[in-house]
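Here's a solo chain for you in structure tokens, the form predicted on its own.
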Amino acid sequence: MTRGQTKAAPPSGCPIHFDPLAEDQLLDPYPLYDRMREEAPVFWSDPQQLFVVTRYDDVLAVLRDHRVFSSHNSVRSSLAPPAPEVAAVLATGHSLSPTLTDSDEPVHGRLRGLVNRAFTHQRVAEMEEPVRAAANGLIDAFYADAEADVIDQFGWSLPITAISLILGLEGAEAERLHTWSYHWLKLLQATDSVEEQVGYAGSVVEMQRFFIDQLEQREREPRDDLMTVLLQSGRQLDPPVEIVEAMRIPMNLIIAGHVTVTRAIGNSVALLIDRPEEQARLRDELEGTIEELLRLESPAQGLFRTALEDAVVGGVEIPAGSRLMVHFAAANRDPEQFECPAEIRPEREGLMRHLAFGKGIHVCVGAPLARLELRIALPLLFQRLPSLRYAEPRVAVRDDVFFARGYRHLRVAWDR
């Protein structure tokens, strides 16, 4: 990224109508992403009141320049204040930020340091057998039916079980945690009715109270889990981490740590059903195939940044105070970075350059756990469910979240 006064040429032909919730874009946004990169790699989208950054080099430059581009409100697609009814419910709880995802330095470094002390490689490695057992148990529960909704009956249960085990939560809480997390995302998107948003706000407050209670229990009786380590490490900082600040960390991990993997599981299953010739790669080139699936259908399509000063991105002037969407999914199919970007090529050079987990100081702290879950889940599904295919009639319903891509429902069938 350079500074200066150069403006990009306007797009040629028809205007670009960027609307991630439109039916055609939910179904297949990639032809539009190609146009965006080619005709207007950085453009102003009036409906969302933000710049959209689509080429890989530009996205990476913004992600790495956290001095100029703030992560505050990085998961809010709109900065419009909530309706009074929604604000009244939220006022009964605590502020939703700062979290790891939406904080700047030095707050981000303080939180990240805490998580790094607790979320170690050893702790993730120890999860392999529990995650494998959980995945097999979920498949056992529906195998005899020869048909299932892979999202409802597997996709969200597995990752929330994994992150709950690390945090030290009982499995009985899984459904509540899943519902609360989804409502948190829908609240941040703020496109549903006020009545629905009031319900989402209530869920977020309940989730806050739940985690405060869990942390207070660990203050009284420490356990061998991540939340206890967070508390104990936080007390050693200056100033020490208080309960409300600590509460946001497991909330952030639950939300980011399971909805991303849920979407990755659904996206990957659909991609491999559509490309049966590629399924053998799960056996022969597993790790590279996982990276390519994440690149092809990025669960987080992009996040948001705010320019703290005047800047130039991709030749386009970005005034101070402007909002930007750094579009991971468009960048991950940039042919300047990834040859034949629509193909699965586990052997490709620069395999790990993809942006599915972000880059820079905000790269996803849970990425190692997400990769572990996908390495276990995807081969198991295709090994244990022979001739895995779409059920008839086909039910493949995309979720309507502005900055994410995944399925709400995906029914599959197999030969028993």
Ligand code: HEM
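What you see is a predicted model; the values in this text were computed from it and never measured. Note that residue numbering follows the sequence shown and begins at 1.
What follows is about the form predicted together with the named molecule, which we do not show.
Joint contact, Ala256, Leu294 and Phe328 to the named molecule in the predicted complex, by non-hydrogen atom at 4.5 Å: Yes: each residue has a heavy atom within 4.5 Å of the partner.
At the 4.5 Å heavy atom threshold, is Ala40 in contact with the named molecule in the predicted complex? Ala40: no, not in contact with the named molecule in the predicted complex.
Would Val365 show up as a contact with the named molecule in the predicted complex if we use heavy atoms at 4.5 Å? Yes, Val365 is a contact residue.
Residue-level contact is defined here as any heavy atom of the residue lying within 4.5 Å of the named molecule in the predicted complex; does Ala264 satisfy this criterion? Yes - in the predicted complex, heavy atoms of Ala264 and the named molecule come within 4.5 Å of each other.
Contact flag, Ala356 vs the named molecule in the predicted complex, heavy atom cut 4.5 Å: Yes, contact at 4.5 Å.
Which residue among Arg112, Lys186, Arg281, His72 has a heavy atom within 4.5 angstroms of the named molecule in the predicted complex? Residue within 4.5 Å of the partner: Arg112.
Under a 4.5 angstroms heavy atom criterion, identify the one residue in Thr306, Thr228, Thr101, Gln153 near the named molecule in the predicted complex. For this set of options, the contacting one is Thr101.
Answer range among 194-202, 104-112, 233-241, 77-85 for contact with the named molecule, defined in the predicted complex as heavy atoms within 4.5 Å: Stretch 104-112 is the one.
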